[in-house]
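One chain comes next, on its own, written as structure tokens: the form predicted on its own.
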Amino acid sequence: MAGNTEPLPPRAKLAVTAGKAAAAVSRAAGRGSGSVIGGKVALKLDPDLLARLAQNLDVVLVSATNGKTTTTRLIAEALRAVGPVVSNALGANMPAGITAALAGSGDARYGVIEVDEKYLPAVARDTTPKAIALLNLSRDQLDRAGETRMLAERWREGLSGSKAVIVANADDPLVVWAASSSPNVVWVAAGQEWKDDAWSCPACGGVMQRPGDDWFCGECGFRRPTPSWALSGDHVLDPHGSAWPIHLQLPGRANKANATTSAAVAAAFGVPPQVALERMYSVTAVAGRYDVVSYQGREIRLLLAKNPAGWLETFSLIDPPPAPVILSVNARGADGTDTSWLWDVDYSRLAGRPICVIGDRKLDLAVRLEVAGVDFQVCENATEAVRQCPPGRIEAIANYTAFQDLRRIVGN
């Protein structure tokens, strides 16, 4: 078991100090948390700093297209039952942000780290994780991340022979193919509502067959593995067949799936499912997601949806019609500049409710809604959109930078 015993060499200490100073300057200038610039400065001074910081921790890596920030938070809460945890809780998930988070580890015993999908193999190489959670792979930031099978292949090559316990979603063929190169995999039946990125076999290119909840390739025999953990309604089924109730304050089926994976990861560190799941109840919001805020005398629930899979899951948890919805889409660097994914989202599911559209790409979204046959209003900003909505709670759904904009406006 890791422990904070290895002292950092002088160069690493200097790098940590310089990184913290750069972060403080960034915060003072009002340019955000400073974690990314702080990490970049620190890594410039000591390129091996991430590996040095991780050597004294038992590390868990969490990667996926959707749900990694929430799952990281749930795992961190569960592992706090057995020791102090350091985590990149605000979601800075590339090497610089991860380095900055670990630089503040103090007496932490565990590092629970969210990792951007593209950087997973490199971060796994540097941090020698004890466990890696793989949730899903779907299209996202098409201009940056590219095709999902290529990403799965990168995972497969990077994790080949890994000594980590790989906790992987048995319902996502891309994740199964990526994880199958590892000798120690724990399969979790976490479900997969969005299937449009896994209709062809990642192993041979054949057409996937999907009878019920099962899947297999009719050409090469690649098929869904038998899971040892499963989400069943409101319960987690463990490898012994015991059912443990899930009590979350976070909404939706997707978060129950995240809790199931988190319980499986926690068990790898000796935390019983009952203890892990009880601790997860304390999580009410994750980096502002799911927060309900008061603004102009109204209650607004803030929801993040940054790609088709995320929008699909979000539609399943919002209040039913006629609850009003504000939709906001940007296409800045952090979002990905390609908005063609809007055409993969079934916005007809929002029919029958007042809809207000805002954001940098509100006209792109307006065209998509027009084609879907859904009534909407285009508004200049969030303040106008709130005024246009009828009384009652408002569901506000936004992609990444639009979500940050929304949080700033409504004062959260």
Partner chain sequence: MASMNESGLRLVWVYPDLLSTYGDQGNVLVVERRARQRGLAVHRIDVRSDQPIPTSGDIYLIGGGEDRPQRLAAERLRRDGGLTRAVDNGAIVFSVCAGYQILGHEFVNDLGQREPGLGLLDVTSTRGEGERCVGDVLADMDERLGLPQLTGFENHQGVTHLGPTARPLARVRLGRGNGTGDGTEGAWNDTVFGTYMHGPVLARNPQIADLLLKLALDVNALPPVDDRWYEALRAERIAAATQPA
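Residue numbers count along the first chain shown, from 1. Values in this document were obtained by computation on a predicted structure and should not be read as measured data.
Another form, the form predicted together with the partner chain, is not on view; read the next lines as being about it.
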### Message
If contact means a heavy atom within 4.5 Å, which one of 105-113, 161-169, 198-206, 180-188 is the stretch that engages the partner chain in the predicted complex?
### Response
198-206
### Residue among Glu147, Glu193, Glu299, Glu278 with a heavy atom within 4.5 Å of the partner chain in the predicted complex
Glu147
### Query
Candidate spot Thr337, Arg368 and Phe376, all three in 4.5 Å heavy atom range of the partner chain in the predicted complex?
yes
### 4.5 Å heavy atom contact, Arg139 and the partner chain in the predicted complex
yes
### Query
Taking 4.5 angstroms as the cut-off for heavy atoms, does Arg361 touch the partner chain in the predicted complex?
yes
